[in-house]
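Next comes just one chain, in structure tokens: the form predicted alone.
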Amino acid sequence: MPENNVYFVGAGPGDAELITVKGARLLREAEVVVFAGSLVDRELVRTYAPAASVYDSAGMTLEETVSVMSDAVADGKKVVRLHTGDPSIYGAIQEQMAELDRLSIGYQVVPGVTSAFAAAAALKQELTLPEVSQTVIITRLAGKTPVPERESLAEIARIGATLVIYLSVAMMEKVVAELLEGAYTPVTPVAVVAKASWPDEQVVAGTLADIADKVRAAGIGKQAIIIVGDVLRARREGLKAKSLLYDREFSHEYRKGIIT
């Protein structure tokens, strides 16, 4: 196996402190950083890699990005490819890794905090609740990037699980229309979190009946996560059921339950 010379690092959702300890260490050690400048705060690079040669990939092609990385590796330099959130979610890293494989350049992927979880944290909301939803689906509406027909929002909506929808807030009316074709109703709660964990984070809450108007009024057009599902009722209406994990009568390998 070739030695790891390139590190794909998840920068986290925005807050510079939400990068992992490992990601921060690799940034400090990097001699070349290629970062997604349209989404990753430049301050993160200034803080952790002030001496590195930095390339903003926002205006670069795949070929240009790979060329920068491969040239740096040829010069014996350590490279960090810094992606927003977690690179495995809509990160477009597979094509980059395929090129590095072709060039026999070793690499490693370091996970990060994706914006779905930063959005849930902003809402102080658990995405899975007993007797409400035990499934979380991460998806997006078809746009410039097509979505397989079997994965259309209308089809996925039939499941009725907690949905976390990326890259779709600019088409909020279409999102709502497709969700209403499934298991959701006009009163299903929805939350939209824009720029989760950034200083200018915005949170808009509503239902499928009014969320599109609220999002439009808030001026949110990009960098937002949409969370849909009955779990969002819990903070307002209370829990349907509690987890057995800490139930005093529930026994497991670490604790014997108390029978009353």
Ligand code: SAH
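None of these values were measured; they are calculated from a predicted model. Numbering starts at 1 and runs along the sequence shown.
Below: the form predicted in complex with this ligand, not depicted.
J.: Name the stretch, out of 187-195, 53-61, 208-216, 24-32, where some heavy atom lies within 4.5 Å of this ligand in the predicted bound form.
T.: Correct option: 187-195.
J.: Heavy atoms within 4.5 Å of this ligand in the predicted bound form: does Leu167 have any?
T.: Residue-level check for Leu167: yes, a contact with this ligand.
J.: Although this ligand is absent from this view, report whether Tyr107 comes within 4.5 Å of it in the predicted bound form, heavy atoms only.
T.: Output for Tyr107 is no: heavy atoms all beyond 4.5 Å of this ligand.
J.: Considering non-hydrogen atoms and a 4.5 Å limit, does this ligand approach Ile225 in the predicted bound form?
T.: Flag for Ile225 set to yes.
J.: Answer with yes or no whether Thr162 is in contact with this ligand in the predicted bound form, where contact means some heavy atom within 4.5 Å.
T.: Result no; Thr162 lies far from this ligand in the predicted bound form.
J.: Tell me, out of Leu100, Ala72, Leu129, Ile89, which residue has a non-hydrogen atom within 4.5 angstroms of this ligand in the predicted bound form.
T.: Comparing distances to this ligand in the predicted bound form, the residue within 4.5 Å is Ile89.
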